[in-house]
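First, one chain by itself: the form predicted alone, in structure tokens.
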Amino acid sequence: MSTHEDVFDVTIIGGGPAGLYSAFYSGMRAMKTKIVEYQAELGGKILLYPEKIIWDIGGLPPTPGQQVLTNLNDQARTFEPTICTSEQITELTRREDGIFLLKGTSGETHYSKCIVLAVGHGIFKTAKLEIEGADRYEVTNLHYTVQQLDKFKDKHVLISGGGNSAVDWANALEPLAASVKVVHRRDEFGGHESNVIHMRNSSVEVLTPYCVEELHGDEAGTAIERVTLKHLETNELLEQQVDAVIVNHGYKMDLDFLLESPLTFDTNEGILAVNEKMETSVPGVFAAGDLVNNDGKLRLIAGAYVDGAKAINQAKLFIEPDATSQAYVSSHNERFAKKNEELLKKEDPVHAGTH
């Protein structure tokens, strides 16, 4: 446990897209920066969907989530922020001298002049299948995320869930798997309309309104061999042979340390109120990404980037009221001069520096 008060200009809580871009942009503003992330890896919710193709980031072709995360991580480290992973903040307070104290489960206290909250919908924990003994199959063929599509090639796959991810996985696995069945408690699906239509018009078998009632293991008791489904209106039982079961029943979110703070928070919606400058109700605390809502909020990864940059600009002005209102763009920002020289040397080591 550190006793030295290493005070940062800004501490970013959350290492998803909003937090990672905030860290990069704070480097553009020459701020001493720390990222604190609950998970062991940076990346936020995209970590759950590494093979999902992301189409809507400006300037990028359709790109798998894992590559997006690699790019974001590399960019976030451009100005060498301090990064703390596997650290959960449990308390946020402010001393009389204005310094924020963030207490973590590691026993560490983090000191900062201002805070950017980029925790998404909170610390997410996968909603597990509530069937006794289901956890024994998690090491074999019960999955709560899809890391590698090829793992399901030529297999009979049953997917339980009706949200975006369940629909996306069904569409992605349909051309690879021997068969795909989707089980959902309602006839309506929560996925994007075009994706739901695609699923229904494919070879994917949609079973509604059903739920997974029981799992049956093989002789060794280590893998699921059969699944019993129950019709929610007639109680009819239906048995299915399976090679793999994928469950997507959403996530349980934990925002306790924020809910117990002085911040203005809508506990019903799980949304933090901010103004157009990403300022919260507490001076010196700013927020970005899925956590926040205001007029004109854009719920895209690109929107999270804009939120992050706005939050950092206000953090800079909070610390240095005479600072410029925003960073100079990278083509005119002196922070990149040396880095540009290094890139040119790598591209043309013979002629670099001779112009």
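Since we're looking at a predicted model, the values are computed, not measured. Residue indices: 1-based, along the sequence shown.
Below, we turn to the form predicted together with a small molecule, even though it does not appear here.
K.L.:
Looking at 310-318, 323-331, 25-33, 295-303, which stretch has residues with any non-hydrogen atom within 4.5 Å of the small molecule in the predicted complex?
P.N.:
Contact criterion met by 295-303 only.
K.L.:
Report whether all of L129, Y144 and M199 sit within 4.5 Å of the small molecule in the predicted complex, measuring from non-hydrogen atoms.
P.N.:
No, because L129, Y144 and M199 lack any heavy atom that approaches the small molecule to within 4.5 Å in the predicted complex.
K.L.:
With the partner left out here, check for me: in the predicted complex, does some heavy atom of G120 sit within 4.5 Å of the small molecule?
P.N.:
Because a heavy atom of G120 falls inside 4.5 Å of the small molecule in the predicted complex, the answer is yes.
K.L.:
So in the predicted complex, is the small molecule close enough to V10 to count as touching (4.5 Å, heavy atoms)?
P.N.:
No, V10 stays farther than 4.5 Å from the small molecule in the predicted complex.
K.L.:
Can any non-hydrogen atom of I89 be found within 4.5 angstroms of the small molecule in the predicted complex?
P.N.:
Yes, contact at 4.5 Å.
K.L.:
Though only this chain appears here, would I54 touch the small molecule in the predicted complex if you measure heavy atom gaps against 4.5 Å?
P.N.:
Judged by the heavy-atom cut-off of 4.5 Å, I54 is in contact with the small molecule in the predicted complex.
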